[in-house]
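Here you'll find one protein chain in two forms, each presented separately as structure tokens under the names structure 1 and structure 2.
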Structure 1
């Protein structure tokens, strides 16, 4: 089996995955800032890294997956100025900030569960690590790479750049960054415009505030992830993930902070998921094309033709590589829906395949192709393509066009369980608690149709079939009896 290769943003190339301390793997992913309902772009990022987490575990690595909750310090427009996003929401709604945090943390966890993502092993919060953040700021000040002004502490990017490459992750050049920021306002305290806040003095109106050696204030957004990742995964760990929009400045600042504090890169492999668009346009509230997960599930959005099951949405997202832009559209979702139900229908057939003394299915070849796809930087769309090749084989075996032994059927079941359910994290859409009721009703309907056919009441029989077809339920009359499947 080929070894796993990852695309490392830091080197801009695929690299063989070699954990620092095998079989243990440290995985850190930047979590949400919990001031509003989680949006689809966030969901895609966390589904992408759920795939990474699942496949590493499938390969028998002992993964420690850490994903934080940002509940303080993330200011508007991802800058060092303006209002804390959570404090602003609390002020607008006349609530305590921690009420906002609790409300949207619960919403986030609910959506992640609906999408069948595995929870992280550790989910630290920024407010739970104020002491550690203060300590690392002291460390960076002592090394001459940060300075305090009027109760705020800033990282000295120019001083750091004398012996380090600020911009190495994003490919930015320090001179170009400086020329692009000289005209910005609200930079009076900073020695230069690129310096970023490690600690900000709290204004009298700022709700979330803590004591520090520099006065009452709150931590910088970039610092939180440096502290929480290294606390739980060590000064060096394997994989740091997040959305492409975090590459600069957030992750660039993380690298600088870690190297300033500990003298080395904390992260061996940087992985970044790409963005979502809707019919070719960036998703945004101003364009009216921003869709929340629950709107997808209910179809309650003016741009949607219908509702889509959460597993259909997950399947749709996995049909694009995590580093590729993913374009939402009704047509694409509906095509993905058909594919998802075709895959699930084929899987349901595996246990009823006619068994032969001869075998014409090369299960080992399928297994090899599945691993090759996932070992190539978690290439889920290629894996799904190979799965549909297997679907054709299953359907051919069901129709008697291909012979298959019981041993081969058992191998197919194991392969499907591993890659469809364990790795891709899919589950049948009917696993929602009502399947016993659905099965019972369908048994009753099929019995009524069978009685109509036996009494040669063809009009009733055809009417039942046509009504079921309109509900995307197909009834099949075969040698083994009557079967049905949802399309």
Structure 2
């Protein structure tokens, strides 16, 4: 494809990308609910949209990337009942809710940086936009599409459906939804079980609470994204992204809120990333099958054979198309590891390729195929496939089996910089820190300690242990030999 096409979940079709106000592009992605560490599944979604953001920027669009932090209003089971996820964690740990928010926002940012994702341009929080959320609720009540009952405000789905198609994004049908609803607490407050909360009255135990025209309460989960996306990107904007699991009810409700408030769709293209699975099941905290990035980097997890570098993990994720599920396994990661290092090794060779007067490398056709892959709905696995063709060519040029001119080498370098580093966002594994050097030195120190112990030189072996302890390095003598761990 000669120009960017993307799959719009709203139309269930690939569409040519035509920004509302080129060269500007508004991109909104639902961010994390910061009540626990981000797991690899969450990371996959953010890496998928990092690819989208990076490619749009590579195409020279002036992107404004907004990704929120959900720090209030997201209740257990994604429903309108139960405890707020953040207050619950605060209660269990006897902490202030904002301490929970701070702890896990920092963790999220740290992990995003390790995976080399570009930070958003604006990162708004739900608690920072209570005033705006109250305003949109007032607006929806005025339009007659929401009602107040007992200090809570609900969106009137049935009334909305009279002139709108509730279910247009997720493909759900009102009748089927109705027959599938369970009797939940406080549903009797609602005119209809499908109605969803815009504002909830806070019970005395609910510690995250704000004043509103309807009494003390807190905003519904779906509201913040409608409010913050349009506040920073305009009443209509280009791309809204998030994980597939957010299509319903979260994004469906977002559409309803926007249309109720402004009479139109806010979003031109809806993009949804597919799930990271483990043995076929969605990786999630509640299923107990989630793996934390840290566990992968250290290999310290019962399901892992070994540790993996963050760039290997990023590469593994990009080897699947963002709309396909990706199953996590040791074997798949080990295969990605081999591929990643093969790619990086070839890139390292570019500077030392033997130069000829003749050229047998068609850089132009590589460039074309790279753009075609990415223009086809950000198809990173196809791009990576083409990159491996280039790897073969580079290796052949290194062996002198293919001739290449200095000019062609320069073009290859530019292409690799653009696609491997800028677009895929990969970087050589040895770039950040001197892990190989540290490993080598630790091997040496452990060897000296072992020799000291063998010759019963306890003062030397104790001194080594104490010095390492002062550097927060613990040496363990196990069945499989001596290991060490930095704490």
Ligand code: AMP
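Treat the numbers as computed from the prediction; the structure is a model and nothing was measured. Whichever C-alpha set is largest while still superposing within 1.5 Å between the two forms counts as the rigid core. Residue numbers count along the first chain shown, from 1.
Between the two renderings of this chain, the form predicted on its own is found in structure 1; structure 2 comes from elsewhere. If you fit the rigid core between the two structures, you'll see the Cα of residue 59 move by less than 2 angstroms. With the core held fixed between the two structures, residue 10 has its Cα displaced by under 2 Å. Core-superposed comparison between the two structures: the C-alpha position of residue 21 differs by less than 2 Å. Comparison between the two structures places the CA of residue 450 27.8 angstrom away from its other position, after core fitting.
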